[in-house]
Each structure stands twice: as structure tokens, then as C-alpha cells.
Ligand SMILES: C[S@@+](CC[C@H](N)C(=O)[O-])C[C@H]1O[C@@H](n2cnc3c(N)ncnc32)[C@H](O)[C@@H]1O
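Let's start with one chain on its own, the form predicted on its own, as C-alpha cells.
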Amino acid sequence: MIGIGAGDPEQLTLQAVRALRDTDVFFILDKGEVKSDLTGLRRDLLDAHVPEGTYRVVEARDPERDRSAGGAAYSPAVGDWRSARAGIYARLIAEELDEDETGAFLVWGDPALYDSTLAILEEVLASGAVDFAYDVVPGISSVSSLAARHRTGLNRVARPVQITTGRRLAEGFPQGVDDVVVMLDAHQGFRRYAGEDIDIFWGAYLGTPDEILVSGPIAEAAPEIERLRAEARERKGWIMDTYLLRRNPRER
């Protein structure tokens, strides 16, 4: 399992590059025509770092997840999707990988941060469908890339930072924390805080040629982010974004 960063081929670690070059088969799940450029970015990474003809790529269609499920139905829906993926992973490993070969899954960002690949591989092993050993190569996360592109830290002196999801942010700003990184926010939860003294550092398609950055007081930045996000999603058919909310001290 190789963490490949947010999309910039130059952000691969030396460890990741060595792992890429030691791999015989790369497994890629195709998310359909709308997100075909995600597959293209992975192939660009391979072209940039791995000699041609030294590997092969095996693609499979990623199962659809029920994104309409909410509330108590959310976790079961994610569980069903992970199990469907586990079945695909087991088949790929069993049918496409010889005993003496090494296969790899290329994971966006870092495999340890809001990614399901680790849990899915453990589910495959627990099922007994196929036996294998695996290593994990960390990657530069979108969170690290976001902070670097905005030339800011994630936390302030002696203060914590919390990483959460848009679904959790909708429940309220975390207690006792002034710096909050938000991932997986399909509904732009930052809008509910537009009346507070909070700065936002937002980025979409980080590390790619389509990268978009916006920062500033949330009351001023939120409308611009909404506009740019809608335009980008209309143009590309998908969007990956994350942001840091920074509450000013007098709001504690």
C-alpha cells in the first residue's frame, strides 16, 4: 500500500518511489468516466517514476456507495461498500498476482488518514479468501499539502488541532479547539460559521494542475469558495477539497 500524496508527482517520498519500482502489478479501481482523470493521475505518477515495461496495471470497477444514506444508515452503507471492495481486492490479488510477484494499491494522500484501504485489506485477510503479507508506505496528505500551499501551520503555539469530517462539523464546532481541519465535506459545512470571527484556508485538487486556493476571513471567503467550487465541479464532474478553520482568540 503506497501513499502517493495529493497528486503532485514531485511529492512522492523516496521510500514511495523505491516501492513503486519494486512493484510488478498495480491495482487501480476505476471510478467511471467522470473521474477518469483520477486514474490518469495515477498513470502519470507511474510514468514519472517507474521505467516503462517493468510493470503491468490491472483495473477493476469501483463499487458504487449509497451516498444518500444518512444518520443511523450511514455506517452500515459504508460497511457494505467496504465489503464489496474487499471482494474485488481478494479477486485481484488471487487472480492477477503470481506467488513471487509484488502488487500495490496506490492510495491518495496518506493511507493512515481518512482512507479505507487498510481496513479493507484486513477484511480480506480475515475472510481467508487469499493469504498475503503487506507493507504500508506513508504519503504526504492533502492536509500537509494544504498547510504548505497556504504557508501556514496547522496549529498555534501550545494549542491543539483537530481533524474531522464535514459530517461532524455539521454537528457543531469542536469544543476546546480553535484550529480545525475539515475533510470529506460535500455540503460546504463552513457556511454556517460565516457570521463568526474565523479564518478559512481552503484548497481543491491540491497538488494537481487544477489546484485552487482561497484564504481569508470566512465571511468574505465563503461566497468565493462556493462559486469556485460549483464552477470546478461543473467543469470536471467531481471535486476533492479540504480546509482549515481558524477561530480568532477572542472567540474562545
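From a predicted model like this one, the values you see are computed outputs, not experimental measurements. All residue numbers refer to positions in the sequence shown, first residue = 1.
Omitted here: the form predicted in complex with the named molecule. The next part is about that form.
For the candidate spot formed by G189, E226 and L244, no residue has a non-hydrogen atom within 4.5 angstroms of the named molecule in the model of the complex. Among heavy atoms of L206, some come within 4.5 Å of the named molecule in the model of the complex. Interface membership of D179, defined by any non-hydrogen atom within 4.5 Å of the named molecule in the model of the complex, is ruled out. Using a 4.5 angstroms limit between non-hydrogen atoms, M183 touches the named molecule in the model of the complex.
Proximity of I120 to the named molecule in the model of the complex: non-hydrogen atoms within 4.5 Å are absent; the residue sits far from the partner. Note on contacts: among V137, I93, A147, L113, the single residue with a heavy atom within 4.5 Å of the named molecule in the model of the complex is L113.
Between 167-175, 148-156, 127-135, 104-112, the stretch whose residues reach within 4.5 angstroms of the named molecule in the model of the complex through a non-hydrogen atom is 104-112.
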